[in-house]
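Quick setup: one chain, the form predicted alone, written in structure tokens, and binding and motion questions come after.
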Amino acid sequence: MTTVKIRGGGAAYAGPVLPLPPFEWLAPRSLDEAVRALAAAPDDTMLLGGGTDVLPNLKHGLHTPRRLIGLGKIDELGRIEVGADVRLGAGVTIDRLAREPRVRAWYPALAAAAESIASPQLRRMGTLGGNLCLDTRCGFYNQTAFWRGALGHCLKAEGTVCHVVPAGRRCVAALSADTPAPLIAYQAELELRSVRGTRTLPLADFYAGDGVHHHQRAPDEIVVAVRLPAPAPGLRSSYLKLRTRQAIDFPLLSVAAVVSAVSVRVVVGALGPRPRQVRLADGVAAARPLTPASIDAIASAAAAQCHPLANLGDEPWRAAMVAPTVRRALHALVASVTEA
């Protein structure tokens, strides 16, 4: 395993470019090496896949780990395996996920979500595991240390006050990752590894409602893979993303819809610390084929259950766009059946 000490710019650095802080860099070549290295100091260590989110956050002083473990040299994490289910390694890049023929054919909502992320350069660096573990975002948090200190720190970074919900005691920063919503709609499971062994859990159970501690990964665990059920005949899915610009931006609202012969699953993301699975009445969920009336009922249910806060701004617009975005996602599925 390669180990390098990065000196960084230091806390007192006052130059025009934000520097990285000092840290020790470890580059294991196997998963066993990685979990042992992480177990040695889990509370002082951060994991790094492509680094497209972690490194900017380090420059902003949002995290101050003593060590970084780079996972890019671990071949096992970059594999896609097809058997009784489909196993996507956490190190698979976002670009490969978007272009992989089997993903595009079997899980088009996931491919569409991956294709919508950031820019081509960032997609070639970013990884599936990194996107699933993306730190939550907020307009009061994702700022430089100088900006945060001038306003007054928040629940998520060194403070005791939430600037979004002033009386709140729980952080409402939003999970602005694209892949969780479609993966939850596909009923994916997550595989995690530590020196204690391997465990799996439904991806829907991985996320929590607290923007600070927004996922269930233990400090000594590494996300190693996502497992997807084999695609059922006739399964249809779509993904739509609302953002200020049609390139690079994080989602302000995302909708994944999956329709099978027996169920409709709609997952809304980017409004809070975890994606929300829309609860549907039994009659609506089982109605086939989808009709304008059933689509309107599903869209109304989503709007009633999904309430964005001012964590990323424009909350009245985002709230108003929930129902029409769900309608568009479901009408796209109806159109795909017609075209087929």
Ligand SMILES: Cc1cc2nc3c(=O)[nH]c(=O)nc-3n(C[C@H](O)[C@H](O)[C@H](O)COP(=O)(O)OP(=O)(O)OC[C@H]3O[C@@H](n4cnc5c(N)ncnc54)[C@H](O)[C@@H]3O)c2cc1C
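Residue indices: 1-based, along the sequence shown. Small disclaimer: the values here were computed from a predicted structure and weren't measured.
Keep in mind the form predicted in complex with this ligand is missing from the figure; the text below concerns it.
Peer 1: Where, among 260-268, 181-189, 124-132, 78-86, do residues come within 4.5 Å of this ligand in the predicted complex by heavy atom distance?
Peer 2: The contacting stretch is 124-132.
Peer 1: Considering non-hydrogen atoms and a 4.5 Å limit, which listed residue (V54, A297, A287, C306) is close to this ligand in the predicted complex?
Peer 2: Looking at V54, A297, A287, C306 one by one, just V54 meets the 4.5 Å heavy-atom criterion.
Peer 1: Quick check on this chain: which one of R217, R227, R96, R236 has a heavy atom within 4.5 Å of this ligand in the predicted complex?
Peer 2: It is R217.
Peer 1: With heavy atoms only and a cut-off of 4.5 Å, decide whether M46 touches this ligand in the predicted complex.
Peer 2: Within the cut-off, so yes.
Peer 1: Answer for Y207 alone: is it within 4.5 Å of this ligand in the predicted complex, judged on heavy atom distances?
Peer 2: Outside the cut-off, so no.
Peer 1: So, in the predicted complex, is P275 in contact with this ligand at a 4.5 angstroms heavy atom limit?
Peer 2: So P275 does not count as contacting this ligand.
Peer 1: Going by a heavy atom distance of 4.5 Å, is A232 a contact of this ligand in the predicted complex?
Peer 2: Judged by the heavy-atom cut-off of 4.5 Å, A232 is well away from this ligand in the predicted complex.
Peer 1: Just give me the residues of 239-259, first to last, that have a heavy atom within 4.5 Å of this ligand in the predicted complex.
Peer 2: Contacting residues: K241, I248, D249, F250, P251.
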